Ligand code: PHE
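Coming up is one lone chain in structure tokens, specifically the form predicted alone.
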């Protein structure tokens, strides 16, 4: 397969890791999670989650990738025979996510074009659902394609291919621009938001502490969930990226810098979003909570465009800044998910990476066509919910069990400490063996119990029909596990030669 590629510098690696971690959710998920889960008080469970689970897991994935010089499937398989399955599960989750992530990127491309004329007018919600998506009546009606979305999807996949075509060499050239740019854009949006009347009320809604929320287990689950989802852990991405590091690389510092930078971007995004929403509430004479919507896609494509419309001047400029920010946040995460898949496949079969990259993107594009249909949003919502709530948390739980109890964290510390400034002590063992798996286990069990209760009560997710939940939710989740097992059992000539070498 040839000599393994290397990052051009430590800075480029950190940029790539931050780019993968900081995605669209930083801009629209974290601010809303904070605002509705105790405001400033939410930062307490959030940072506890970062310290007790986020950073330890990131160190784990960087360490495993660096030590075994391989993507997640091969690396986990080297730790313990049979656990290659876990690595495939991780990158299949990544693959599923990037197939719909690319469609969200397509919408962003559409909005970049529409920003030039503020085409959404006075009814951004109607514009998003009726004009951009032409949404159908339900998941059973796909309704064909909207050509602008299809064009945006082709551009998104082309951009992903262009970025990862030469592995870390081409990725390195791109992240030098796509990581600093959204931070600059966020800074512009923060300054603009804070200069508007009513912005302080928006910031107050975002950060006003409600300490009584700390007694609610849902708030803690939300904090840990946000950390897992936004750090790109349990996707196989960070294992793949770390496998390209040279032998002498500071693992713990790299992990801490990546984690703190990601959280800083999320925190900054809250000021950008809620400063502007405070102005929107001021203009309407309404409460901030009434104009903030329910976060997620609606915040990005409906609520914020309406707020942009109300700006006293420069609406077009700030619309472009906002959607360029989303684009640059999203593209880094999208291509990192593809890179994780490509590394896993090329390590296993010994294929040339360019060939694997083209194959992965072709298959990904074909699958993403489902989400690009007029009824695609329903399927995107269902798949996203079940893959996130059960796939990501499940992978993370088995990762800490594998390293903490089977491989032993002491071996990981012996690899990391000689090359890192910040040394891992026995405290790290406590996190990986006890605290992190306990938290992950509680969240996973909690999610399963809630799901069962909802089904019994006939309260299906977002009111979707049972057949759609079974296909887009449980069938997809089960297929990922079955495919992971099949991929692990497939023995290749290349893998046999590698086993003989060892």
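Positions refer to the first chain, counted from 1. Worth saying up front: this structure is predicted, and the values here are computed from it rather than measured.
Keep in mind that the form predicted together with ligand PHE is missing from the display, and what follows is about it.
Contact annotation for residue 16: none of its heavy atoms lies within 4.5 Å of ligand PHE in the model of the complex.
Residue 109 falls outside the set of residues with a heavy atom inside 4.5 Å of ligand PHE in the model of the complex. Ligand PHE in the model of the complex comes within 4.5 Å of no heavy atom belonging to residue 240. Put simply, residue 337 is close to ligand PHE in the model of the complex: some heavy atom of it is within 4.5 Å. With the partner omitted here, the stretch from 48-56, 467-475, 23-31, 432-440 that lies within 4.5 Å of ligand PHE by heavy atoms in the model of the complex is 23-31. This chain is displayed alone, yet in the model of the complex one of 254, 333, 373, 409 has a heavy atom within 4.5 Å of ligand PHE; that residue is 333.
Only one of the listed residues (351, 271, 229, 157) places a non-hydrogen atom within 4.5 angstroms of ligand PHE in the model of the complex, and that residue is 229. In the model of the complex, ligand PHE lies beyond 4.5 angstroms of every heavy atom of every residue of 138-175.
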